[in-house]
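In structure tokens, the next block holds one chain alone, the form predicted alone.
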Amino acid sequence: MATPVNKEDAFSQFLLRMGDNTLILGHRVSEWCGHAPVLEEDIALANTALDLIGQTQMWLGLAAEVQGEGKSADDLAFLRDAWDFRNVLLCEVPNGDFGRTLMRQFLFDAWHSIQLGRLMKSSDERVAAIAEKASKEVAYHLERSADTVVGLGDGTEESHRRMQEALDYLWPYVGEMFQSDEADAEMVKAGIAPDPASLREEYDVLVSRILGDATLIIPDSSFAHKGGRTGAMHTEHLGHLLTQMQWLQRAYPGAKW
């Protein structure tokens, strides 16, 4: 029998999930800085990463406040181990080529925009305020990633092939965003956050429309990677990423600029 989750612990888990998603994806996107195909894309990806890290500061800052252990957002970002992170697997998938990166961004942006729209009505005023601020940035992220997916999907034979391969590779990760557990149930009960499953219908409509415009075919598969946030695949991908992201803080504990 699963151990009951109280409201405070569930709230902390929810905030960590939101903050870890943006932190890990923001770091992944930042890896393109200086390496993107053209300067305009290099700058756009860097700005997207900055937006995501800014949102991380708000989510993890609130998580630290709720935990009441005297920690900061930086502590939660840099001093936890891979198995303590609660992001979905989609966010940590290695970049691959430019097409995979933009497809990953679009699939997350679509979920993120819907989630934030619901969170703006949260019973917790702090969550609603973060969601309202973040939603303005995410609306731009979604517009840009959707336009790029359409442009590349409905572009040349080569770009179409790469985008379809990216979609085929990433689609199995999508299902995890709509799975729920005891912490999610507690958040629904408190009116703080929606049931993840309740976002799926709106998500499918949005994604299907954009991918249709991109002349891409959604894989005929209901398979979703299991065990994200704590599974072996999670620690395999994330361990390498955290080695890059956390090494300075770990090498010089407490160092400040």
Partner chain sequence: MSQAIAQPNIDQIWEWLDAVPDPEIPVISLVDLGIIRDVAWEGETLVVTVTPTYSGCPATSVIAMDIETALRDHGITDLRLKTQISPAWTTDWLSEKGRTKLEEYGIAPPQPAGGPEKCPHCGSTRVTKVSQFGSTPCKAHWRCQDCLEPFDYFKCI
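Positions refer to the first chain, counted from 1. Quick caveat, the model's predicted, so the values are computed rather than measured.
The next section is about a form of this same protein that is not shown, the form predicted together with the partner chain.
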The partner chain in the model of the complex: contacting segment from 106 to 114, 82 to 90, 133 to 141, 176 to 184, heavy atom within 4.5 Å: 133 to 141
N47: touches the partner chain in the model of the complex, heavy atom cutoff 4.5 angstroms: yes
Non-hydrogen atom contact E40 with the partner chain in the model of the complex at 4.5 angstroms: yes
4.5 Å heavy atom contact, M58 and the partner chain in the model of the complex: yes
Proximity of G54 to the partner chain in the model of the complex, heavy atoms at 4.5 Å: yes
